[in-house]
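Okay, here we've got a single chain as structure tokens, the form predicted alone, with questions on binding and movement later.
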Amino acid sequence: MALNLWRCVMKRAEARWCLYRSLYNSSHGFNESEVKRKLAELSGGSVKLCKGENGIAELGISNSSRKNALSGTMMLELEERISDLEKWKEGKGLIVYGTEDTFCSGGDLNTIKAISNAKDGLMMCMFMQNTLTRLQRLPLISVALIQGKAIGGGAELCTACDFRLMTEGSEIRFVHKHMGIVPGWGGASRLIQLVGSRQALKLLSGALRIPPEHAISIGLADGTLSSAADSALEEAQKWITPYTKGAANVTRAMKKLIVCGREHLFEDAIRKEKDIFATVWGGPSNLQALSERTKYN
């Protein structure tokens, strides 16, 4: 009996590890309190969370003057909203979207310039990898509703969701190459999982614009919505509903199975992505791009 009890405890611990454990802590040189302090000084925009009685939450990215780019405070708010969702026992689904007919254009330029040195850039990289990995591991079926553009870090953000729905005229684009860097929020590792290494190399090295039809054909997107901007959220709700029907504990258990099955060796790949990111962040090409461009679109 004692052996069975021990096995039960270990299984529960393993399940919790798959879902909530952060990639980085102080043993990896990650100073969470320090990076949060610096990000808190870089304000602008907001990240709103609305939980529905149907068990489907809506997470809204809003920074209209910056094409919904993430400021430092928005990065902190995103982490706080995900912490809230981790505790939401009645939750079954999540829709991530951007306001003003734009998904997200990555990191806010003022924030990026303020942390353009190698040390701060690496701390931000680890913070955002922790945050988006926790988003991906949520026991909720998640959908990124892509209206307008999902660029750079915004493209990385949408890969942290289980599904991607695109509206007509929208696009996903990994523009990191033009900014003299590589993905650092886990987007490259997730992109390879979604479309394979050959397609991922094309999309990253070519900084290609990916419209809905192309995204669907390579497995990056799961559908195109024809709704106008003001009704796209309603259509996304209808799209996700069949997958979230039934008891919350069953839906959440299904998602936990997928998370644990997908995680094998993923942490090794995403940590290596962080190491490669550190070799170009704050380098000559990156600094030149920051000095020449207000924002790459």
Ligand SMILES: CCC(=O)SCCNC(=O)CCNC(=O)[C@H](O)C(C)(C)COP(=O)(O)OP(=O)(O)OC[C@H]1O[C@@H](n2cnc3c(N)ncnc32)[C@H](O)[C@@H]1OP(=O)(O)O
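Numbers for residues come from their place in the sequence shown, where the first is 1. Keep in mind that this is a model prediction, so the values were computed, not measured.
If you look for the form predicted together with this ligand, you will not find it shown, but the lines that follow are about it.
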Within 4.5 Å of this ligand in the predicted bound form by heavy atoms, the stretch out of 86-94, 129-137, 198-206, 143-151 is 143-151
Does any heavy atom of residue 103 come within 4.5 Å of a heavy atom of this ligand in the predicted bound form?
-> no
Consider residue 109 of the chain shown here, and say whether it contacts this ligand in the predicted bound form, taking contact as heavy atoms within 4.5 Å.
-> yes
Would residue 179 sit within 4.5 Å of this ligand in the predicted bound form, counting heavy atoms only?
-> yes
According to a 4.5 angstroms non-hydrogen atom cut-off, is residue 175 in contact with this ligand in the predicted bound form?
-> yes
Have a look at 240, 57, 47, 69 for me and say which one sits with a heavy atom within 4.5 Å of this ligand in the predicted bound form.
-> 69
Which residue among 43, 231, 249, 65 has a heavy atom within 4.5 angstroms of this ligand in the predicted bound form?
-> 65
Quick one: which residues from 183-205 get a non-hydrogen atom within 4.5 Å of this ligand in the predicted bound form?
-> 185
